[in-house]
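Coming up, as structure tokens: structure 1 and structure 2, two forms of one and the same protein chain.
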Structure 1
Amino acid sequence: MNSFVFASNRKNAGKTTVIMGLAKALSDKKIGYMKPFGERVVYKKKRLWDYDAAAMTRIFKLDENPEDLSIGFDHSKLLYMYDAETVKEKVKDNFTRVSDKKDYVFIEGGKTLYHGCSVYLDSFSVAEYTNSKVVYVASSIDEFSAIDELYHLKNNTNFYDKLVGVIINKVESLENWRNIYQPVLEKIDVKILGVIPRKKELEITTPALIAEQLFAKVVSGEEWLSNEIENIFIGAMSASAAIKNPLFNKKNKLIITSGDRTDIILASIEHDTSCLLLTNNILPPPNIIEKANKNRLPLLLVPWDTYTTAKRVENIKVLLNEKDLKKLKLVEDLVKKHIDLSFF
């Protein structure tokens, strides 16, 4: 059995995406997963779990409950409940359970290398408890930021020698990377396991993701929750004014408006809308719901006013789930093409 801790030093570096791609690429193997320090907390039906843990459980049909894949979610509670030895034993017990009869176990570290250090759950401590190798995922939308990260690790910490390899993620130009940036890393003997190009398709959200993260009620159109959303329009004006707005006439858009704004809702149904997010807990008349359903337009309902809802949508992170079949296939193909699977 092989086990790996995936570490990074910034939020949204792509650890979960890389893990999902590897698990898909190694589909003939039995995969285990854990995320000792949960950070994307979901509270539902009086249960707490990490969003990524829940997604992994559902996508790969893991036996464990998502809440059992994390030791905790909050620094203050962990400090109060456990000392260093107890944390170590709990991680080891969880690891023993999730690794049973598995070929690989992928362990997701915190959002930074130091995240969880005060409660003994930073990435390198977890790697030590589980005797796992550490793979570093560097996000490279700004290529030199990844270079700086790795040079900092080399020059200022004792972590560098514990890394077994690096995956560079979200690279804008593979050609530029190979010609300009990779030679810089070769000077400090970085073992590159893969360089994954940025794909904007992975940054597109869906009604399913919005419904899940906002706990929105799906009024209708559940079968079209995988529609792609590339633009967002706030329907706070009259329908005649909205139609004159260039953004309203773009395809693949999310319209956020109050459920009693039937003029905006009807205009949205006829203008290439991917999803309608209805606010103020107000449902439109049944005939309008039926018309939206005939046009394959999902309707979501939330209790907040339009402004508050728009702010909440703004904070949504594009995360993969089991309904994102096209994205999951893309991630699998990227990993197969751009990562050295022989290392794993």
Structure 2
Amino acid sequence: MNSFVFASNRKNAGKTTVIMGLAKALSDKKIGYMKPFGERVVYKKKRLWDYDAAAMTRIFKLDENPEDLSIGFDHSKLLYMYDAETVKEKVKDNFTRVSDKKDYVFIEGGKTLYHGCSVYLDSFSVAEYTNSKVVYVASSIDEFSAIDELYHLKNNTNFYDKLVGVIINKVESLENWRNIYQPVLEKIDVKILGVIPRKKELEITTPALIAEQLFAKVVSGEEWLSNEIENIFIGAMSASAAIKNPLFNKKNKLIITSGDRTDIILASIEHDTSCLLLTNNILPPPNIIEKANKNRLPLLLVPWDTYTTAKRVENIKVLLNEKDLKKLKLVEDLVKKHIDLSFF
């Protein structure tokens, strides 16, 4: 049985997605999963679990309950319940259960390398408790960022030698990477396990995800909450001005506007819109809701002003779940194509 801790030094590096891709690619093997320090809390009916852990259990039909895949979510609880010894025992216990009869266990580390240090749940500590190898996932979202991270680890910390390999994620251009950035990395003798290109299809969100993450009320159009959203437009001008804007004419867009901007709402209904996010808790008149419905356009409602709402939408992280079959397939293909599976 092989176990790996997937670590990163920034939020949203893509650890979960890489793990899902690997699990899919190695689907002939039995996979186990853990996320000791939970991140995206789901709290329902007094049960508490991590969103990604829940997605993993559902996608891969794991035997464990998602509640049992995390030890804690907040430093306060971990400090209250555990000390250095007891948290180590807890992690080992969980690991023993999760790894039973498995070929692989993939352990997701915290959002940064130091996250959870004070409660002994940082990625390297967890790797030590479970005798796992550490794979580093670096996001290349702004070109040199991944390289800087690795140089920093090499030159300024003693973590570098604990890494068994690196996966570079979200690369804008593979060609540029090979020609420009990779040679820089090679100078510090990095074992690169894979370089995964950025795929916009993975960043497509849906009204369902927005409603879930913003706690938005679904006013109408429940049947079309899986519409794909590729673009975002803020309707803060007259309809005639909006129509002239090329962004407004892009397809599959989310329009964010106040519920009393009936001109923009009507224009949106007629211009290839995937979802309308209405702000300020203001509902448009019933006839407009009816029209949106007829055009298969879901309407979501939030209490904040348009600016606040737009900022929150920007911070939404597209999370995979078991219903995203197209995306899961894409992730699987990316991993198969761009990662050295023989290493695993």
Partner chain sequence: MSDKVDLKALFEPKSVAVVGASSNPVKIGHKVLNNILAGGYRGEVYPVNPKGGEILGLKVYKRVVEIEGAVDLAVVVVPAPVVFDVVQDCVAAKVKFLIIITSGFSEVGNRREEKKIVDFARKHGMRVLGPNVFGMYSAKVSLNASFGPSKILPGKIAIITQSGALGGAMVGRSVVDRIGLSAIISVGNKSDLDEADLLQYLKEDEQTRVVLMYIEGIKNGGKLIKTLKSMPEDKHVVVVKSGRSKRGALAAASHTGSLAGSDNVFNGIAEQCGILRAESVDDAFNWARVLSELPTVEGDNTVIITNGGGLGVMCADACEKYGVPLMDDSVFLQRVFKDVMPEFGSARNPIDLTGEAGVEEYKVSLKKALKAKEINAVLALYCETGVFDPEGMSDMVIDMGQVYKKSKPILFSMLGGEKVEEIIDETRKKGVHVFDDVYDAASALGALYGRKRFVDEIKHSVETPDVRIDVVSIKRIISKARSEDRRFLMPDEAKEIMKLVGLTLPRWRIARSLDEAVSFAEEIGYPAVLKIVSEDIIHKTDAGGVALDLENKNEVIDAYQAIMKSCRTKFPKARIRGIEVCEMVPKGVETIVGGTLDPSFGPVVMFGLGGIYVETLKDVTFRAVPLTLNDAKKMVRGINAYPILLGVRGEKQKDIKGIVDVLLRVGKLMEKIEDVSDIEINPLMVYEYGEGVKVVDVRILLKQKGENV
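Computed from a prediction, not measured in an experiment: that's the story for all the values here. The term rigid core refers to the maximal set of C-alpha atoms that superpose within 1.5 Å between the two forms. Sequence positions of structure 1, starting at 1, serve as the residue numbers.
Checklist entry - Given that just one of these two is the form predicted in complex with its partner chain, which number is it? => result Structure 2, not 1.
Checklist entry - Of the two rigid parts seen between structure 1 and structure 2, do residue 275 and residue 341 share one? => result When each C-alpha is assigned to the better-fitting superposition, residue 275 and residue 341 land in different parts.
Checklist entry - Considering the two rigid parts of the chain, by what angle in degrees does the smaller one turn between structure 1 and structure 2? => result Angle of the smaller part against the larger: 23 degrees.
Item to check | Shift in Å of the C-alpha at residue 218 between structure 1 and structure 2 after core superposition | outcome: In the core superposition between structure 1 and structure 2, the C-alpha of residue 218 moves 7.1 Å.
Item to check | residue 227: CA movement between structure 1 and structure 2 [superposed on rigid core, Å] | outcome: Displacement of the alpha carbon, after core fit: 2.7 Å.
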